[in-house]
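One chain comes next, on its own, written out as structure tokens in the form predicted on its own.
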């Protein structure tokens, strides 16, 4: 399972109303917020000293366990430890909004100063975090915020990916893999979900504006990842000379890879988003996979924790911060994996 599967579950229930799109090289948040670089969230030595003197505590109310969540969690914990903030409670909701509500209520018995969370269902999450707001707890979010919540009043900020950068780097990686020219397929996410919509749109925009010798000859939307194999088979039937295919995220890309292998195709390259061990293994073995673009998940946790701490000392924060993306290839697999997830890649990818 890739780290992105969970976010698609959230999308189906919670993000249908979002219409924010990436255009002209920009990333926006779920409500159209302008993305600000995560690196801009900083603290002065004086602010850090004041935070340490406060003996603050934190709770972490995540949506589900995954490699992605583990990296965000570790980034947050490391930053809190650096700032002298004790994590007193942690939970995962298993994609269950009712459980997340119970998790937060239980967490509040520890009276945390801060809660970091990724809402399972933003449309109904206002009640999930109501006990924290009533207690004066600072709440900060990954990816999205509860419907009706006002940044700066009800929550500190949102931290997520630089979505346009992810799609842009996927386009650049594909161009590099096929020598800047050729025929490619475009398999995008057919759902109204601001994360995938912006990433997919950025890929297409970059190809069309930056690479005149690359032609998108086949494109199709995908709602069910398991249908990706059928889609790529249809692509190849009409375009047997396809040089590469962009796949909206790693899970459907695994189905695309299986289809290419079943057809004996060792020519068509795959570029996708979000880390996957099976895809990375194909990549390091010089298979079809050319590159996997990932976000800096560990940095999301770091930034969110730092932002929440900054709010305790009166720092004014922007509504939406975005971390950088990394194009992971065979040549930088170890560095890229560590930069994204803050752990070494699986031994299968390094021969360890």
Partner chain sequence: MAGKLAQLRSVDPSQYIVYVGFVLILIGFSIVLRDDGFLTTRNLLNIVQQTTPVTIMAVGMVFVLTAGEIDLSIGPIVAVSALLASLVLRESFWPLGAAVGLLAGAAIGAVNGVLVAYVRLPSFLVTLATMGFLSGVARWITDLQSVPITNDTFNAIFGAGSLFGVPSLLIWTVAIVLVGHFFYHETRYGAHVHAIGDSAHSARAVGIKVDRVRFSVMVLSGVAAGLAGLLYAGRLHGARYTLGETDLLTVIAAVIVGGTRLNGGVGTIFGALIGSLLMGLLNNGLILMGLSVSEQLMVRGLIILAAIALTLREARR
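Residue numbers count along the first chain shown, from 1. If you're wondering where the values come from, they're calculated on a predicted model, not measured in any experiment.
The form predicted in complex with the partner chain is left out here; the points below concern that form.
*Asks:* Choose one stretch from 100 to 108, 247 to 255, 202 to 210, 153 to 161: the one whose residues place a heavy atom within 4.5 angstroms of the partner chain in the predicted complex.
*Replies:* Going through the listed ranges, the match is 100 to 108.
*Asks:* In the predicted complex, do 40, 44 and 80 all put a heavy atom within 4.5 Å of the partner chain?
*Replies:* No: no residue has a heavy atom within 4.5 Å of the partner.
*Asks:* Heavy atom within 4.5 Å of the partner chain in the predicted complex: which of 243, 121, 282, 143 fits that? Just give me the one.
*Replies:* Only one option qualifies, and that one is 121.
*Asks:* Exactly one of 190, 219, 229, 172 has a non-hydrogen atom within 4.5 Å of the partner chain in the predicted complex; which residue is it?
*Replies:* By the 4.5 Å criterion, the partner-contacting residue is 190.
*Asks:* In the predicted complex, does residue 128 have a heavy atom within 4.5 Å of the partner chain?
*Replies:* Output for residue 128 is yes: heavy atoms within 4.5 Å of the partner chain.
*Asks:* So in the predicted complex, is the partner chain close enough to residue 95 to count as touching (4.5 Å, heavy atoms)?
*Replies:* Yes, residue 95 lies within 4.5 Å of the partner chain in the predicted complex.
*Asks:* Does the 4.5 Å heavy atom contact test between residue 90 and the partner chain in the predicted complex come out positive?
*Replies:* Although the partner chain is absent here, residue 90 would touch it in the predicted complex, with heavy atoms inside 4.5 Å.
*Asks:* Though only this chain appears here, would residue 237 touch the partner chain in the predicted complex if you measure heavy atom gaps against 4.5 Å?
*Replies:* Residue 237 lies outside the contact set for the partner chain.
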